[in-house]
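What follows is a single chain, given as structure tokens, in the form predicted alone.
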Amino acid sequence: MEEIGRSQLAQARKIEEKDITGVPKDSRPQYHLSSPVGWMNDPNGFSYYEGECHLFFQYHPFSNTWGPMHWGHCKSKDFIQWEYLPLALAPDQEYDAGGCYSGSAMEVDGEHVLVYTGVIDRYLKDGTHDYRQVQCIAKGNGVDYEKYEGNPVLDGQGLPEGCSREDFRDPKVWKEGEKYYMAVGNCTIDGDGQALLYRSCDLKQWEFLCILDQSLGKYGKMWECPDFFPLGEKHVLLVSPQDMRARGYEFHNGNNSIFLSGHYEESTFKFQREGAKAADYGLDFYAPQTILAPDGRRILMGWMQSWDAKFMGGLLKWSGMMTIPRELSMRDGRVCQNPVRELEGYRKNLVEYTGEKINGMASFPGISGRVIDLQVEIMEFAFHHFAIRFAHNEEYEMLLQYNRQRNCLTIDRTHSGLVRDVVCRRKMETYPVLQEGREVLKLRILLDQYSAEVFVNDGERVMTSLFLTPMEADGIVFDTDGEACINVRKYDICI
């Protein structure tokens, strides 16, 4: 079985190496990580090894649609430029033949340890369908990894009564003192989402501690991709629930990612939730994972796509990209996100306008582009609606519109070139903040070929969305039905 496994991995690596040369560089985003070839979804194994940041990801290298899951692999020195490495894991053992699914990684005694979900999917001789999700480990040197001969290390046998063994996945591992801890996504037998907490001395024998938190019918079904970490004076449980119903502008239908913040009592393993907020209010964001950088920053990356709007597939030789890595902070009890500061080292060609009064439509020389960092401050609000039309020409545009009366920000890709009936519009509550005694609404828009990430009021809220507008549509137009005063700064991002 081991030799068969090695041959499957080698074959997948050969196909990956061959096909990656056929992807034109200009077809990719310039400063966001995209799939080497084929299909990419959840970030996995976000970790440091030998001083470099490694990221793995759910991966099907054989086509640009979802298929049996492998682990793709890359590394970076600065979170911006990524080096592709040979894929790390292939589904080649009995305990992961149904796929190598999401998980995490960490450096232990000089080795890089991957912790992932394997899927057992087989029919027994008596005709019984044996389907289970189990947790497994592999160890390696940053390029090549060997699966542990004692896998799976956690098979769900000791799950509390009422917990599903079929939905038991996405382990996130960290170390506190001399012990290792693992948060695992799970749901009850009737599908209600929850996150479980385990402890180990050696990453091989695991003790169940508690249910960290539960949906209790409020936050969707199965909780995928849990992450648990301290931030400021709080702890944050980050989960990605399936099958949520919309609740105002806070949560939308379908798959969400949410920050559950509160107090954690380490001695009793009790997490007391105090708040629940969306991690991203846009159209394309799921399954984020965090890393603790050596300088103490908590950094997050998410998959920039929606399961229910897979319109990118088939149009390019790759499918799937990640958000810009985001620095997390706690401000006024809310998790805030901002692009990693390393991005500033790639900003060039500043074009700036200060105190510009606009009434109706306006554009400014030098304010255009599709690979840019655009910063807009609105300082006077004598209007009902204020819009930024970007990736714009006579035929196409993306629309970001602020409704002053409702304090609502909308992102809209209706006219971005889509020809399929997918979700095109999403809204979120947005309020100006006080700055030097006056109201200001601060918008930072990162554009990178096919994506937009909108950071509001220094990361208080974020909206992430994909679009397929042709690259020649690179105009930026400001549009108001009254009067506004704005500051505008635009940087090109040069990699």
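Start at 1 and count along the sequence shown; that's the residue number. All values reported here derive from a predicted model rather than from experimental measurement.
Keep in mind that the form predicted together with a small molecule is not shown, yet the notes after this line are about it.
This chain appears without its partner; in the predicted complex, the one residue of Ser451, Asn41, Ser34, Ser47 with a heavy atom within 4.5 Å of the small molecule is Asn41.
With the partner omitted from this view, the residue of Ala90, Leu283, Leu409, Cys225 that lies near the small molecule in the predicted complex is Cys225 [heavy atom within 4.5 Å]. Contact check for Thr290: no non-hydrogen atom falls within 4.5 Å of the small molecule in the predicted complex. Although the partner is absent here, Trp307 sits close enough that one of its heavy atoms falls within 4.5 Å of the small molecule in the predicted complex. The small molecule in the predicted complex comes within 4.5 Å of a heavy atom belonging to Ser102. The small molecule in the predicted complex comes within 4.5 Å of no heavy atom belonging to His112. Residues with any non-hydrogen atom within 4.5 angstroms of the small molecule in the predicted complex fall in just one of 427-435, 457-465, 442-450, 65-73: 65-73.
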